[in-house]
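A lone chain, given as structure tokens: the form predicted on its own.
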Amino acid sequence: MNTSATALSLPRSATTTPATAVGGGWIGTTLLALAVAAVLGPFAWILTASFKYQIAIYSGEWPFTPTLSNYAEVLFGRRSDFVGNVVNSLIVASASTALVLVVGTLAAYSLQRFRWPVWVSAGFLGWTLVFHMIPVMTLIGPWYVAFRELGLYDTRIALILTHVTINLPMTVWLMRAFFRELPPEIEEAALVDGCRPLEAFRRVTLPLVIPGLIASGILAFIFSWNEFPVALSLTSRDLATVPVAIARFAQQYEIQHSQMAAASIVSTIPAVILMALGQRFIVRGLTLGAVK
């Protein structure tokens, strides 16, 4: 009698059968596998196509004889300037990321720590949010006219300035969130110890928000690296970036699928390396902050 009463008084979670748990785990595993396949499937197809001859792609040959000729043609071919396009992307993405971190970090710190009127801070943050929602295609026309008048058309400076403008709202909002989580008493203690405001910001505040700087820098670099419409409209063949160079493999009478796939794989290498290194530093920074 007591045993029956105890069984009836148990909650439903305690009386769940192993079959139900196994069924729930099977459904979750299946959904996860489908999600992974949806993400990695296109990349696997591009990776496979980069080792195929053009005729093997057209005929759907499988299995196929792998070749490195596509990578050789993309990187060392006489008619290919893809290496120069990679250099252009590295310069533009690195310079724009450095500028956007400096400007965005100082702007976020000012909005969070200084006593601005509410309408100033709210208006600035609201405008950055609205600007971030504006399609980039609507800004290309005015930028094209402005840079033509200033003599900056078809220069890396034009691309750097536009990429800074595009990524600045995101950086301001991200860095402001990190500064908001940082207690102001830390800086006040540094000021009491004799530090000047700029010295306290450089020696105390910035080291504590390094995870935010790394996260913002990684996102800004990747967005600048992958940006296509602005680079297509404001540069010629000599200063084209990687996305524009990849798109040019689709010519008027022929689409070079194999070489396009090889160029796409090569273009992912810097972003993958940056993400791997950045993830390690972010986890380390968050762990040290939690310990402190």
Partner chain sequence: MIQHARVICTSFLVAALGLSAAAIAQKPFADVGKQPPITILIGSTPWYPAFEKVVGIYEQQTGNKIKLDVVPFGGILEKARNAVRSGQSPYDLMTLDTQWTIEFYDGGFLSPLKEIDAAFELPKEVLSYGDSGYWNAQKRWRTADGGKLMAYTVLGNVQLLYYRGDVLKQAGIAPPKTWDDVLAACAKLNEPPKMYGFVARGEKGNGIRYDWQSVMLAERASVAKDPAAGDYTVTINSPQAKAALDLYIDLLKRCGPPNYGSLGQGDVIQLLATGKAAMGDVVTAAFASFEDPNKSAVVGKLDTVALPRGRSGANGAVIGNWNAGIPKNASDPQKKAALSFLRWFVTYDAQHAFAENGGIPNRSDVFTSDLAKQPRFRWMPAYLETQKFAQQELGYAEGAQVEQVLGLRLNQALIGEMSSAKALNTAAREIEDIFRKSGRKTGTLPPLPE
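Positions refer to the first chain, counted from 1. Between two forms, the rigid core is the largest collection of C-alphas that superpose within 1.5 Å. It should be emphasised that the depicted structure is a prediction, and the values quoted were computed from it without experimental measurement.
The following text describes the form predicted in complex with its partner chain, which does not appear among the structures shown.
Enquirer: From the list A98, V145, V83, I91, which entry has a heavy atom within 4.5 Å of its partner chain in the predicted complex?
Expert: Partner contact (heavy atom, 4.5 Å) among the options: V145.
Enquirer: Although its partner chain is absent from this view, report whether Y153 comes within 4.5 Å of it in the predicted complex, heavy atoms only.
Expert: Y153: contacts its partner chain in the predicted complex.
Enquirer: Verify the contact flag for T65: yes if a non-hydrogen atom of it lies within 4.5 Å of a non-hydrogen atom of its partner chain in the predicted complex, no if not.
Expert: Although its partner chain is absent here, T65 would stay clear of it in the predicted complex, with no heavy atoms inside 4.5 Å.
Enquirer: Though only this chain appears here, would G123 touch its partner chain in the predicted complex if you measure heavy atom gaps against 4.5 Å?
Expert: Residue-level check for G123: no, no contact with its partner chain.
Enquirer: With the partner left out here, check for me: in the predicted complex, does some heavy atom of F51 sit within 4.5 Å of its partner chain?
Expert: It does not: once its partner chain is placed as it appears in the predicted complex, F51 has no heavy atom within 4.5 Å of it.
Enquirer: Which residues from 64-88 come close to its partner chain in the predicted complex, meaning a heavy atom within 4.5 Å?
Expert: Contacting residues: R78, R79.
Enquirer: Answer yes if the Cα of F228 shifts by 2 angstroms or more between this form and the one not shown on a rigid-core superposition, and no otherwise.
Expert: Moves: no, less than 2 Å.
Enquirer: For L68, is the CA shift between this form and the one not shown at least 2 Å following rigid-core superposition?
Expert: It does not, since the L68 C-alpha is displaced less than 2 Å between this form and the one not shown after the core fit.
Enquirer: Superposing on the rigid core, does the Cα of A56 end up 2 Å or more away between this form and the one not shown?
Expert: Indeed, A56 is displaced by 2 Å or more.
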